[in-house]
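A lone chain, given as structure tokens: the form predicted alone.
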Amino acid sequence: MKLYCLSGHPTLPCNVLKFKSTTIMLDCGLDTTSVLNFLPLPLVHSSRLSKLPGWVSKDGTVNLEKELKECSGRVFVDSHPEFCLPERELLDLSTIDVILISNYHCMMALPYITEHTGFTGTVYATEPTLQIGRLLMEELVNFMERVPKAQSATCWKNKEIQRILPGPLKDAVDVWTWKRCYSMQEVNSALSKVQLVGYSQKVELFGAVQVSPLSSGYSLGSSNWIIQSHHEKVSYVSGSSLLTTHPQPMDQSSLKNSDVLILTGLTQMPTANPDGMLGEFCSNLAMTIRAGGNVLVPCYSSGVIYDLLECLYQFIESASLGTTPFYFISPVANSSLEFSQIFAEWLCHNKQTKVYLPEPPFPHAELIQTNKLKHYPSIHGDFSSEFRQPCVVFTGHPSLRFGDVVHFMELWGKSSLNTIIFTEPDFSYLDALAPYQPLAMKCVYCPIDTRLNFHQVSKLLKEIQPLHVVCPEQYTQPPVSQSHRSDLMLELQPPPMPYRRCSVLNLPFRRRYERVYILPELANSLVPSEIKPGISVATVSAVLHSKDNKHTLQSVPKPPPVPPSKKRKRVMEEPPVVLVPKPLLSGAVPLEAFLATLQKHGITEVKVEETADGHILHLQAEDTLIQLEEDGTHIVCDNNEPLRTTLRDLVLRFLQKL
């Protein structure tokens, strides 16, 4: 069993498992942190960005003024943002049979995998994962295509040039593999390969293994996966949560008795308590609005935003914010808010019961009805005529490199009355803000990450007790910024097997058994012999037939009768000789009883020597050795065939013939 690791980002995994002649890809996350090296894409022409000076090396030998721009001591690439893809050279991706998706954040690289590698397999995901994943991809494509850039920067990627660039561009990894965003046509083609599954539904793969999704408690439709054969079980735990939020709670009991547990997608903020962060978010928002400022919340169009809106719904009245408008701006804002209301069976019990009242499961429906929350596809059109301040704006993208958020940064960044509140943990807020410096607006960092932390995962692993744990190497050591915190890492016995991008792990796991079926007529012919009370054994001569990973024992076919020949043959053909199988022996030769039997037959001078495997009997007068071992008996006797035959018969008295 082998595991190929194609992504270096622990919360955006992409691994390939080879198990029982099947090749299974586990997630295909897209590492979008690479976009932080690019200049923002403004929706409206920005004179500030267009006037940024180009970069020239200190000695003047390298001039990349057209490709690189300097801003507040940092250098940015002036071209369409590019993404860091999963590794595509480690193995032939056209051999992948199936792709299992655990949540909508971990499928953003799907079009790169299914459309450009010769992939002909099937993708399995739950319905909310597919539909919300489609929205996130559609939004990403929309953000990119709204602001086309003529030039594409490639010179800076030259190894010799990259080496002399200032950081973090100098340290960027695998820049030649970075790719621009896919098209909507590629998204539709990729998602047409998805087959929908429900929690605990069992899917057979080629008769070899069975895969089944379990609720992971992190987001709508998010799953952990069980991959099992008749005798082996692998669990894949990715992006799970034990907190009580809007999705169905995590199914922990089904993960028990795993031979191998592959663990990814733990919280990126192990020291930040999500409840505390929500409280901080609300209080900072209220303070800014009361002071007459605006609040900008860069966020994804699905996920944490549902919890933020629910939290604000409860907070608005008590904080006297009843008249403050809330705007949600995204090309998919309307679809996202509607989807959250219709996927009732994927919600927690509390929200499911509301559907039968009937009430909308999320309170943002009421916010929309009362006009407190308004949603728009972009800042153009209706929004510009209905926009009033002070207000709260939820919009994307959290990297601040593309989407409507870029316009609000340019609009509000110069006033200290305004506040930007970061809630998504995927990007460093300092790096996100770098191309907007110097910035007057206040910045608040309230990362809300509900995924498992190290304390929760240690407790979970104690309960489910997998034999082996495999995880990203980042989880086996404390974070660089807090190297003294040994509680921010996985400490297990035996230690987990770590992996990094491009590593190939041989999992410590030997397949020992295979299930074989026996045909009824063959089973009928067996003659069992009892070797121990309750245990019977029978010998079988059969043909092993294997097809689609199912193995069947069938009766040996009888040879066809030879048709009579008219011509006389000179030599009569002999029929093939079928050897009668030798009887099998079972049991053990007891030492004391055997010595007594030898004495009865006149063999008295016996020297007994104990060995690691049993005993050696030296018959001194006869110059013969008998080795008695657990699984065999050897008689070493030179040039005395009658004695050897006698000893053999004495040994056989103690054994059972099958």
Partner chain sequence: MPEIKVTPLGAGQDVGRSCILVSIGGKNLMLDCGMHMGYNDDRRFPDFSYITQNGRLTDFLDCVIISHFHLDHCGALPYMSEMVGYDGPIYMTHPTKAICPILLEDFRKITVDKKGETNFFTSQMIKDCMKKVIPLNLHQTVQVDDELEIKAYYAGHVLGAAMVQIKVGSESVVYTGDYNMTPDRHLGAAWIDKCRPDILISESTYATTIRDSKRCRERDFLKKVHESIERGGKVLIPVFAPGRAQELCILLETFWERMNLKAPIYFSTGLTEKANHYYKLFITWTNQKIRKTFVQRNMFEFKHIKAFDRSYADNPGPMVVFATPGMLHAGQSLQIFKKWAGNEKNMVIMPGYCVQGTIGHKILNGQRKLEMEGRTTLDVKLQVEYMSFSAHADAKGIMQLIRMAEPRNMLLVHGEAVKMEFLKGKIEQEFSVDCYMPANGETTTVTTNPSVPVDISLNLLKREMALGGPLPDPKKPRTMHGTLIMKENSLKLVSSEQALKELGLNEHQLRFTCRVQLQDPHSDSDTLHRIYKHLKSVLKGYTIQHLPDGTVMVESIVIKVSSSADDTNTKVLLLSWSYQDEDLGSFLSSLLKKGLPSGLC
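Note that the rigid core is defined as the largest set of C-alphas that superpose within 1.5 Å between two forms. Note that this is a predicted model, so its numbers are computed, not measured. Residue numbers count along the first chain shown, from 1.
Heads up, the form predicted in complex with the partner chain isn't pictured, but that's what we're talking about next.
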Are any of the heavy atoms in Arg515 no more than 4.5 Å from a heavy atom of the partner chain in the predicted bound form?
yes
Is Glu338 close to the partner chain in the predicted bound form, meaning a heavy atom pair under 4.5 Å apart or at it?
yes
Taking heavy atoms only, is Glu345 within 4.5 angstroms of the partner chain in the predicted bound form?
yes
Is Val147 a contact residue for the partner chain in the predicted bound form, using a 4.5 Å heavy atom cut-off?
no
Which of 427-435, 546-554, 305-313, 164-172 sits within 4.5 Å of the partner chain in the predicted bound form, heavy atom basis
546-554
Pick from His484, Lys462, Arg388, Lys532: which residue has any heavy atom within 4.5 angstroms of the partner chain in the predicted bound form?
Lys532
Find the only residue in Gln352, Ser283, Ser183, Ser94 having a heavy atom within 4.5 Å of the partner chain in the predicted bound form.
Gln352
Relative to the partner chain in the predicted bound form, which residues of 224-239 have a heavy atom no more than 4.5 Å away?
His231
Thr646 C-alpha relocation of at least 2 Å between this form and the one not shown, rigid core basis
yes
Using a rigid core superposition, assess whether Arg48 undergoes a CA shift of 2 Å or more between this form and the one not shown.
no
Is the shift of Pro528 between this form and the one not shown large enough to count as movement, that is, does its C-alpha move by 2 Å or more after the core is superposed?
yes
